[in-house]
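Here's a solo chain for you in structure tokens, the form predicted on its own.
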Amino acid sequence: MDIFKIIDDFQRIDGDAAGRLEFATRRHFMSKIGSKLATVAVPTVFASIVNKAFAQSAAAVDVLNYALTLEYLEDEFYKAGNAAANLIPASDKAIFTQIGKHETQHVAFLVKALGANAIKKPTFDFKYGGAFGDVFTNYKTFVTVSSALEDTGVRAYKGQATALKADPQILEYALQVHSVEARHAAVVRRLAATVTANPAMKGWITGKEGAVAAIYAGEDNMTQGGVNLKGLASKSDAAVTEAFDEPLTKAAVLAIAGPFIKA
């Protein structure tokens, strides 16, 4: 394990890496590790130092705990749905089983990254105050809620990207989860199209189309990068809205997800 090479790699990613690791020179860094350098504990010691340097800034902790709350929500939702008798048809069971496994891994990943700073899992009300009273007995309701959660999650991760621009490694971690959540959203939306008999519903979002309107606020935006794209699509403006996804602010996400969280 070449410690010096790893430090150089971090400095190429982040020019202030040495400062964030709180060591002015390599010699000082090595002296902090001390005699443990010669032991098998080096990887563990170094991982701990890197954790503190990159995962424990106030901004990163806040964003990662925000993400963890959403992952807890999805993880518990799929655990309950997959455990419910006669809810998910055999044709779709493998899909939701796999999605559930992904969400469990996302929770484990974020909890490990946050360490002692990880928030505890809340308790949830998946009936959403009665709005989804049959969520675990009616497959149509289950798929509708699943689609809403997945689309919210994708837009939530996107909305926090700028908050992590000073933490490129943490941003990379968040984007690794974000892309998988986007795949979930696409496959569940296709299932929802069948279950709700809405063939116009695709794996991508057209305008503000969706079961829960608040989740799609701004998705009909026609201006991207300061350019108004209205009328430029060969067939319709719908293609323009489908080609871009908008972020959701933290406040908007919490307003949507809040009723799911009891305490």
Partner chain sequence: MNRLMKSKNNSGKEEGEISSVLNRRLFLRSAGLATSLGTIVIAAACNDDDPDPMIPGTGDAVELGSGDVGVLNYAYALEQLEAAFYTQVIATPYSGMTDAEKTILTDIRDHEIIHRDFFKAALGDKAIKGLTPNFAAIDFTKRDAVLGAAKLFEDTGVAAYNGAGKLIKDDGYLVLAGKIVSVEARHAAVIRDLINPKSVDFAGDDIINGDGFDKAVAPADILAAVKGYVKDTITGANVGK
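Numbering follows the first chain given and starts at 1. A quick note: this is a predicted structure, and the numbers were derived from the prediction, not measured.
As for the form predicted together with the partner chain, it is not shown, yet the points below apply to it.
Checking Ala131, Ala80, Ala118, Leu175 for any heavy atom within 4.5 Å of the partner chain in the model of the complex turns up a single hit: Leu175. Although the partner is absent from the chain shown here, none of Ala85, Asp125 and Phe260 has a heavy atom within 4.5 Å of the partner chain in the model of the complex. For the chain shown alone, Gly203 is a contact residue for the partner chain in the model of the complex, at least one non-hydrogen atom being within 4.5 angstroms. Under a 4.5 angstroms non-hydrogen atom cutoff, the partner chain in the model of the complex has Leu191 among its neighbouring residues. At the 4.5 Å threshold, heavy atoms of Ala59 stay clear of the partner chain in the model of the complex, well away from it.
When contacts are judged by a 4.5 Å heavy atom cut-off, Leu229 counts as touching the partner chain in the model of the complex. The partner is not shown here, but in the model of the complex the stretch 96-110 reaches within 4.5 angstroms of the partner chain through a heavy atom at Gln98, Ile99, Lys101, His102, Gln105, His106, Phe109.
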